[in-house]
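First come two forms of one protein chain, each written alone as structure tokens, so that there is a structure 1 and a structure 2.
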Structure 1
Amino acid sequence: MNESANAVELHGVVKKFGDVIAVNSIDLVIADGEFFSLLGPSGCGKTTILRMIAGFEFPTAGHLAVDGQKMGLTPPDQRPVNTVFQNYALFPHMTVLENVMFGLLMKKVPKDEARETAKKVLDQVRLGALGERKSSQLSGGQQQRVALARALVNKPKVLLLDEPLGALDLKLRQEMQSELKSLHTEVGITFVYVTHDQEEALTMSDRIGVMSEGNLLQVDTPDRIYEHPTKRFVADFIGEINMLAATVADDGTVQLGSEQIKLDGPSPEMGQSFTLAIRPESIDLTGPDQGVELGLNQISGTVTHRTYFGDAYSYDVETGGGVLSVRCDNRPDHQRFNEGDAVKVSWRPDSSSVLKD
């Protein structure tokens, strides 16, 4: 093991299947001990990257390293990684403990040592009391934990997880998200997690890489990915967002339709058009005669639609720059508006993002 190495590195990695480019010249570094998620729709290339790290596929071009060592054509069983799949692939005729011991016994670990090691890992995933049950007698969530234990028992440098919660119902999936994050903290190894579920990626990850059509579009922390997307696809794929056409006038002012606004940071070049992205919850609504805090962007509008969600109201507001979706908490101290009301829409310049493509 190389203590100073990154867990995973991809340099110029390309993967083609015939004429189809599944992964397009990816550069990516995943730090040791990180919980890193590859997020994107089906067919975007995220699982192909995982399979290349695992050794089930090999790059067409570029190179890939695990723990500082170039993998080349190293077969899966000789890589310091283990994979957990959506279909848990447990042996139904074996007990839980036997399933977890299996990998150790294949490596010629003495049976007594393998048993004790497997018991410790089962305790980590909260299944210590179920070791003698057959895997076929377990619930979906319990089977998922057995699959995790079986992957962890070999003490891999990197644990690869390919949509592991996809077969679970919503409530159990949310519970397992919390358990996976806690388990990652406890075992301290690198997790590389593939998912198309934005909530999974946002709630569990240290960093996220968002993919589309074989390209890695943005890599950042969950809050930066959500609050400050850099690409139109990233902004649109994760959560609800307003995207409005804006321009920089010849005098350097930023125009949102007929309204003038401020940006956080440098503006695009004069005369350039771009897209302004703002999350609905980053926008405030006030009455037309109420004062607005200095430094905020402020434009006038009219409420055209209101939707009640219990804990919040969602408003569609027609403005000189287009229709804005605004989400306001349903609290007693928050003013409520009706369809047809004139309002002021305001937001902090640093809560919006400039999208150029």
Structure 2
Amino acid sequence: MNESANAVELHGVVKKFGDVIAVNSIDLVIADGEFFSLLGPSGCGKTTILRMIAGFEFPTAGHLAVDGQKMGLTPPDQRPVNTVFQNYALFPHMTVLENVMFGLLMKKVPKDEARETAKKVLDQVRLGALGERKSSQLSGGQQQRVALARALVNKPKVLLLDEPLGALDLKLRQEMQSELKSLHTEVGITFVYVTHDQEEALTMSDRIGVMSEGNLLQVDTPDRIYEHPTKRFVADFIGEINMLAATVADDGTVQLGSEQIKLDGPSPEMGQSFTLAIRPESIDLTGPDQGVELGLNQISGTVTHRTYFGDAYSYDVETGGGVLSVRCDNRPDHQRFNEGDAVKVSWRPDSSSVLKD
């Protein structure tokens, strides 16, 4: 054990399957005790990274370390990691208890001791009473917890979770999300969590790595990822966002169509065009004559479309800088606009992001 070591490190890791590049030169450091999520659409390479950490695949180039130790070609059974598989992969020919004891017995823990430990962990995931059942007799949520117990009982350095909630229905999924989060706090083990569900990643993770087509595009905390995406893909993949073409004029002013706006932080170089991204809920909508706080960007426009969501309204506003989608909470003081109304949209300069592709 290495107290100060990072849980997982990837340096220039490449994985090719034949001619297909599944993972393209990834550098990533996951700290000890972190809840780290790899987020991306299917086929983006996130599961391949997980499988390389577990030892089911080996990098084509680069190297990978777990707990400070270079893994090289170390087989899965000799790595200090355990996996919770997508469809749980519980052994159907064994009871729940036998499933949980499996890893301990393989590590030559005496049978009685293994049984006691396994029972304790089963209690921890509230399945203490079901130890003698066959796994096929359990519900999806119960199987999920057995899979967790089976991995956690071994006290791995890193727990790898491959879309563990994918097979559950929405309500159960939300329940399990908070359970997983508190379990993580409780056991203090590093979690590497693979998911394509942005909400899951946002709610549970300490940090998120967003992937697309084998590339790791952005690694950051959930709020930074959501509010300040740096890549067009990241912005687009997570939630709704307005993306508008903008340019920096020769005099240094930022031009959004016919409108001039301000950015927060360093601007792109002069004369360059870029994409301005801003979340619909970051934009305020007011009447054309209403005053707006000083320092905000403001543009006038016309409502072209309104959609009712119950808890919110969404407006499409035609402006000199393009069509903006604006989301307003349906609060009692909300001023409702109709299609064709002239309006003014405004936002804080630090709510927008500059996307470079």
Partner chain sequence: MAALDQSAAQADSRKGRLIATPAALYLLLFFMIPLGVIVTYSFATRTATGRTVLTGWNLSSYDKLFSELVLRIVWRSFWMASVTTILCLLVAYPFAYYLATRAPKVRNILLVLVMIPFWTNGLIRIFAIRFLLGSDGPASQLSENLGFGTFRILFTPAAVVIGMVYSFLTFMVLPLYVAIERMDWKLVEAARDLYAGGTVAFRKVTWPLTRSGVIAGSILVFVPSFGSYVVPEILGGAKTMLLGSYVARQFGAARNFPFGAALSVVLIAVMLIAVVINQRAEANRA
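Rigid core (definition): largest C-alpha set, two forms, superposition within 1.5 Å. Remember, predicted model here, so these are calculated numbers, not experimental data. Reference numbering: structure 1, starting with residue 1.
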Practice item. Decide which single structure shows the form predicted alone, answering 1 or 2. Key: 1
Exercise for review: Answer yes if the Cα of V96 shifts by 2 angstroms or more between structures 1 and 2 on a rigid-core superposition, and no otherwise.
Suggested key: yes
